[in-house]
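One chain comes next, on its own, written as structure tokens: the form predicted on its own.
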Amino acid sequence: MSEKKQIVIVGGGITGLTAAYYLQKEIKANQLPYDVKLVEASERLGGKIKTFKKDGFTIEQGPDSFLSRKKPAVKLAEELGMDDQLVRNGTGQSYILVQGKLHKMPSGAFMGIPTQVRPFLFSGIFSGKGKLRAGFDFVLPKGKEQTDQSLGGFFRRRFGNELVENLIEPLLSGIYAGDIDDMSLMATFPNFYQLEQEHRSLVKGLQNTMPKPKKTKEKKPGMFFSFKSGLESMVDRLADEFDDNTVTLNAAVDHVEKKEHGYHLLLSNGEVYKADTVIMATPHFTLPKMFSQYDFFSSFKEIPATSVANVALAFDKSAIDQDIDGTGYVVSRNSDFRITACTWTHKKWPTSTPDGKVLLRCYVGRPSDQEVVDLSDQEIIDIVLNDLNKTMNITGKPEFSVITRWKNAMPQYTVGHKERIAKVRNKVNEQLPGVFLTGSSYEGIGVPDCIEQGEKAVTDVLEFLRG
């Protein structure tokens, strides 16, 4: 047999790990003459998936779950034999904080867009004028065909400013940690554009296309999955599945050189890896340095990335004098708060918290308040506690806190994102055959989106090697 083809994956987040897992599975199933290596710059695998355990608490320092309806993550869990470890979130009332006051999230909303009129008419979130303007969606013509537009501009045209700023913006910008007026509609929620083009009214489009809720007295199951031992247990299981010597940690890729046959990857530890094909599963802003001789990567420098801090506070139940019946809230831009959201984790994920304890998880670092992420731990805790005490009465100090800063961790899909990525990928195909770009910088930031992109990279690599 000829010498094995070398596949190198750069980046040990969930995208890179998924690619390594499915590649080695294909290699074994079909006895392919390929070898897989994964290189990670940090001391650990998992990227933004990070679970911390202390005193019976399970604290997610990054994402805490994935949508159950997005199948790539569920499929991977089943393949890893972890489906018996899946747990759904506890359901309960969620809130939105508008102008300093908590309001119940109106029922019958999809990503903040009404699918039932009555709950919105009786909601205290909007003024009469705001409700009237939102109703224009029923009579406005569909927008002109466009290749892209801002998410904020699209929704403001349909519903007016009030519905956008008090409901849609806190929900959608919270997912991407971005400014809704800069975000690309076609890179984030192209389904809304299609609904408008096909049904004219977004509300009518959702009513016509969404499955009708079943009338039942049973409590609806939660929409999110995690694992009994935390999300990082999936990372650990993936790593256990790899062949020996697959992973190299604490080794950044300083430079990638194209050779007559394949590539040489120069690592920070002095090693050189030879590769026939390379999967780049690292953030977009790392590529211009690694491929410094290729100018077309410089456009990635223009794609912004925001920073956020995740603040987990553990309390004894006796420290919370006034609790709230619900699982959490998001904060509208017009409220005088620096936190952007708060999850009552002990209610959303009951298995995460010991009996008699309370776990609150908050975020700071909206696009207009990036400097908060660089404050000291105590300064951030003081800001969070000050905001929390505007909606609840906390009489005791936290038993402990866990603050996790994610610097430049949230890639921003700004208007024109899909076209920018397509242009770079076309150049890569022409000038760097066998190099594939994948991960949260490109086609979705959620855990299932990244897993799906890792699977696609496997398909691309195998097609390339089969030639």
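Numbering starts at 1 and follows the sequence shown. Computed from a predicted structure; not experimentally measured.
The form predicted in complex with a small molecule exists for this protein as well; it is not shown, and the discussion that follows is about that form.
Checking 437, 36, 39, 59 for any heavy atom within 4.5 Å of the small molecule in the model of the complex turns up a single hit: 39. When the small molecule is considered in the model of the complex, only one residue from 409, 402, 424, 27 comes within 4.5 Å through any heavy atom, namely 409. Contact check for 98, 340 and 380: none of the three has a heavy atom within 4.5 Å of the small molecule in the model of the complex. The candidate stretches are 429 to 437, 43 to 51, 394 to 402, 414 to 422, and the one lying within 4.5 Å of the small molecule in the model of the complex by heavy atoms is 43 to 51.
Interface membership of residue 235, defined by any non-hydrogen atom within 4.5 Å of the small molecule in the model of the complex, is ruled out. None of the heavy atoms of residue 263 is located within 4.5 Å of the small molecule in the model of the complex.
Interface membership of residue 283, defined by any non-hydrogen atom within 4.5 Å of the small molecule in the model of the complex, is confirmed.
In the model of the complex, the small molecule sits beyond 4.5 Å of every heavy atom of residue 186.
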